[in-house]
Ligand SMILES: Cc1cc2nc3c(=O)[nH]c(=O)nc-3n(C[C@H](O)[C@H](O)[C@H](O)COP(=O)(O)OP(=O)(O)OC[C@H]3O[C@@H](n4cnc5c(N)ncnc54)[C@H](O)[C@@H]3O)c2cc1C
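Next up: a single chain in structure tokens, the form predicted alone.
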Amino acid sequence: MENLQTRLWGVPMTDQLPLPVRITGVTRETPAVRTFHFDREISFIPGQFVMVWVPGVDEIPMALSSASSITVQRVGEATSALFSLRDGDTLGIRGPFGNGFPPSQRVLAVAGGVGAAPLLPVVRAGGVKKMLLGARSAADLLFPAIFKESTDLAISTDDGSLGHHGFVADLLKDEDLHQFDYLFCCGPERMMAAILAFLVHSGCPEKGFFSLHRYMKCGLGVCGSCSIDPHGLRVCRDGPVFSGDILVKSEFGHYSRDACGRRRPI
């Protein structure tokens, strides 16, 4: 009989039980986004994520905005429940999981909305040469003061209330991609798909690294709920950060799946 110890997939569940953490502070970043600080530091690579258990509600994947914080946009039941928590309340944290952004000192970072959160550690580490930051309005911009202190910053807002009037992808036309080793991108998938299209047109899709968000159940690479077409790559284990050349002929920018596995247009 084959030894089952040679046939382990993912990470042993006994090593990935939720770690209880206590909320030590809540920062209102924008009308719809808050940062939750907790009392433990997690060793992670920027771009990795954790599974956040909201007791009695659900467990959801969240990017780390620092070793001891997550930055959350309220979009559903679990995040609404998270927004009701205060100092002293408890969460469960599993992880970190997946891969992160590759190390570099010459990064062009592009962020839309709450996608600025997983890029914040990269900026603070000094690896970003320039940051393109977009949001719906000036009030919705995340961490603009921090980014301005740490790197060259260009801003775009959909309503024109600050910076360029239009989409953050519009700002790429003014950038010389040869000045950068990589382009790191996180935000709404339509925005990221426009960034990838620009890189494809420029002949360098492999220069881009994109942080994907997909529905997840286990976070360990076992259940397959976050697999992406056509290669079956798992966002939780093979991602969440993928290079652009891998995504060019995938479902990226076209559709994702809901909790029942049904395709949902992006």
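Given the structure is predicted, the values throughout are model-derived calculations rather than measurements. The first residue of the shown sequence is 1; numbering continues from there.
This next part talks about the form predicted together with the named molecule, which is not shown.
Shown alone, this chain has one stretch from 195-203, 58-66, 23-31, 37-45 that lies within 4.5 Å of the named molecule in the predicted complex by heavy atoms: 58-66. For the residues 183, 72, 122, 169, the 4.5 Å heavy atom test against the named molecule in the predicted complex is passed only by 72. In the predicted complex, the named molecule stays beyond 4.5 Å of every heavy atom belonging to residue 126.
Shown alone here, residue 76 lies within 4.5 Å of the named molecule in the predicted complex, counting heavy atoms only. The named molecule is not drawn, but in the predicted complex it has no heavy atom within 4.5 Å of residue 228. Though the partner is left out of this view, residue 135 does not reach within 4.5 Å of the named molecule in the predicted complex, counting heavy atoms only. Taking the partner from elsewhere, no residue among 101, 207 and 247 has a non-hydrogen atom within 4.5 angstroms of the named molecule in the predicted complex. If you take 105-122 and check each residue for a heavy atom within 4.5 Å of the named molecule in the predicted complex, you get 114, 117, in sequence order.
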